[in-house]
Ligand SMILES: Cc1cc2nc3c(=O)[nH]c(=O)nc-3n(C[C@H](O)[C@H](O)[C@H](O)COP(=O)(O)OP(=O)(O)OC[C@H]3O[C@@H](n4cnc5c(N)ncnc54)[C@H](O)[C@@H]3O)c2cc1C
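A single chain comes next, written as structure tokens; it is the form predicted on its own.
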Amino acid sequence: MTIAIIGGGICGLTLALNLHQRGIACRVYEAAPELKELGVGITLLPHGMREFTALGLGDQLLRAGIENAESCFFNRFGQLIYKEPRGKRAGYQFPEVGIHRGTLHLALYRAALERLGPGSVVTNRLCVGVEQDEGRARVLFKETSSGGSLPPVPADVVIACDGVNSAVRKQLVGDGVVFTGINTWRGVTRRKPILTGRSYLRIGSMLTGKIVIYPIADDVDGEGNQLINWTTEFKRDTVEMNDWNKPGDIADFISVYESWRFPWLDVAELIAKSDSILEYPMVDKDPLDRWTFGRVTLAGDAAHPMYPRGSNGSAQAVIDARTLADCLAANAEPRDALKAYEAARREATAKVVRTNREHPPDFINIKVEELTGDKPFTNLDDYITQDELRALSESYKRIAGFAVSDVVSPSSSPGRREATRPGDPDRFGTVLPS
């Protein structure tokens, strides 16, 4: 069986490593002429670290990043709303790790070259389509750098891991991204640790301005400064999407955060001192009724692009990779394997897509902003209790597949208290998604 993986990102490389681990040959085709350490930060949640640990990469990634100890929610006036332990401190078997996306990507790339061989990842190959008949599929490529056509590549199975703008998905389904007026700007800043130096922070809400902040590398200059990742997000009445392909301009968004100067953090200064700024639109796509078309299937962001909230996109992609590899190992007929993979993953990821739209983790911030009238509070318990906030947090984890009981065996987390059940309204009439 020959397997062609389209896209050498996190999903495609993780899939290649999983297939190799099961004795299944494959080759990855990547559009970029050269793989480089690009991007900003990413959080590897416990269920994502579980998958990387199974590939023998867990310790390496933990050393390269920062293990999160707590998650903190603040309003835009710098007041603490809610905090909870994360990763191993919360009872998980696996840590939660903040890391530079480029560091993660190159670790996967080097592992693939080492284990599968130097010809296992072919760069400078832009997929422009797929053909298939009863006997085989053929992937059509152009050379990215020149635009010249290349001979078709035959394969028994084609797996599209080519991201949110997937050429294969566009050919098979023809849909487009869903944009609702939310744009983001991201960057990394070198500075002294914030709070514990292991704190994941969500400040404000997308309605009035939100920023997510967490460290991704320790002591980057020998003077104790960390590399701090930050992402701003807010909703405007606009149809103008940010452009993935150009640097961000601080003038487009800094006015929202200019007054965010707290005793424990100067947010405006953090943004202004960033090494660089990138801009992205906040987009996803509606869940599909099917991913698999004969010998071709979709995985990762090509299958279920979701809002980058809750740090869950990469985790869902690598779970796709492991599930798909298991199905291909268990089924002699590749088309049956692809159907089994889709049956296992399609609806599970659709729930996460919908939840990230409607009830993301920072729904806590939105709820408190609504209850307090977007004003500083004296006693938050007058509006909502910590137990009620904890229920909102636990609900998201269950839907996204990383409640403690999902990532480790129930016996590993004795005494875990169940939050409000999905589908039941809380005292404010909010229905937690099922």
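Just count from 1 along the sequence shown to find any residue number. Model, not experiment: these values are computed from the prediction.
Although not depicted, the form predicted in complex with the ligand is the subject of the following passage.
In the predicted bound form, the ligand sits beyond 4.5 Å of every heavy atom of residue 324. Contact between residue 234 and the ligand in the predicted bound form is not found at the 4.5 Å heavy atom cutoff. Contact check for residue 300: a non-hydrogen atom falls within 4.5 Å of the ligand in the predicted bound form. The ligand in the predicted bound form is approached by residue 6, whose closest heavy atom lies within 4.5 angstroms of it. Listed stretches are 146-154, 187-195, 169-177, 125-133; the contact stretch with the ligand in the predicted bound form is 125-133, by a heavy atom cutoff of 4.5 Å. With the partner omitted from this view, the residue of 315, 328, 203, 296 that lies near the ligand in the predicted bound form is 315 [heavy atom within 4.5 Å].
Only one of the listed residues (87, 248, 209, 163) places a non-hydrogen atom within 4.5 angstroms of the ligand in the predicted bound form, and that residue is 163. Counting a residue when any of its non-hydrogen atoms is within 4.5 Å of the ligand in the predicted bound form, the one hit in 201-235 is 214.
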